[in-house]
Ligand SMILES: C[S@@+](CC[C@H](N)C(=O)[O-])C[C@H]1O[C@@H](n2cnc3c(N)ncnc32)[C@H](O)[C@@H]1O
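In structure tokens, the next block holds one chain alone, the form predicted alone.
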């Protein structure tokens, strides 16, 4: 496990790796799983017995992303990461809510063409054990962690860049572990994202704007860039369409009739509309007060 900035989820002390076990000075220890990941989600941080995506959702996401239909999204994210990484210095990248690891794995392979990987460390964090189990199969260089964005098991001020792709935002948690001047890249659906699928699934399509950033500003972040990626997919067949539906919130929000209508689609061309926003940890809240 390459990351050397992991923290005990119980007391926040640094974790040190000895053989296949991470331990802190207080004696709390966590075993590395045979697949290479580590579970840093103690029972007291769980809100359910098995939080996060189920195995079925994880496998659906993996099948869909492996088709390459979202490769332009991964490419755009990777290019943004490249601009944030300075040559000749160590840089830690965290994917907060990494799922089964597609985007971080793509980014690593992109970045290794431009940087010495010895200077980079990559951490994938997700609350779903099923997701991290699959992520660990995808890439052995990345440090994969089961944990929560609310209380990331990472040493304060040690992360340079955080990416959060359709993930749960915890701006307080992100702020704590990020160094001053670090960047947070949020990737979220735009107003027209998957509109064709939503038109089939819902009787009335409601458009939702990306996350309001007032909480981020209050935590000490400043918005420095916003860009939109919009494109039409090729014609998508029935199985990938159903995988896509299962990996989105629409699977839970849609009615039984809506799900059946989507399940019966033979093929569909979709609009991909994503918003990329880069925020910087400035140390100042939205009221101009310095925040440590």
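What you see is a predicted model; the values in this text were computed from it and never measured. Numbering follows the first chain given and starts at 1.
This next part talks about the form predicted in complex with this ligand, which is not shown.
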For this session: Considering this ligand in the model of the complex, find the one stretch among 263-271, 226-234, 31-39, 58-66 with heavy atoms no farther than 4.5 Å from it.
Result: 58-66
Exercise. Can you pick the one in 110, 115, 166, 133 that has a heavy atom within 4.5 Å of this ligand in the model of the complex?
Worked result: 166
Seminar exercise, completed: Only hit among 150, 82, 137, 207 for heavy atom within 4.5 Å of this ligand in the model of the complex is 150
Problem set entry | Distance check, residue 171 to this ligand in the model of the complex, heavy atom within 4.5 Å | no
Exercise. Heavy atom to heavy atom, is residue 143 within 4.5 Å of this ligand in the model of the complex?
Worked result: no
Exercise. Contact between residue 121 and this ligand in the model of the complex at 4.5 Å, heavy atoms?
Worked result: no
Exercise. With the cut-off set at 4.5 Å between non-hydrogen atoms, does residue 99 touch this ligand in the model of the complex?
Worked result: yes
For this session: Note that this ligand is not shown here; using its position in the model of the complex, name the residues of 110-130 with a heavy atom within 4.5 Å of it, in sequence order.
Result: 126, 127, 128
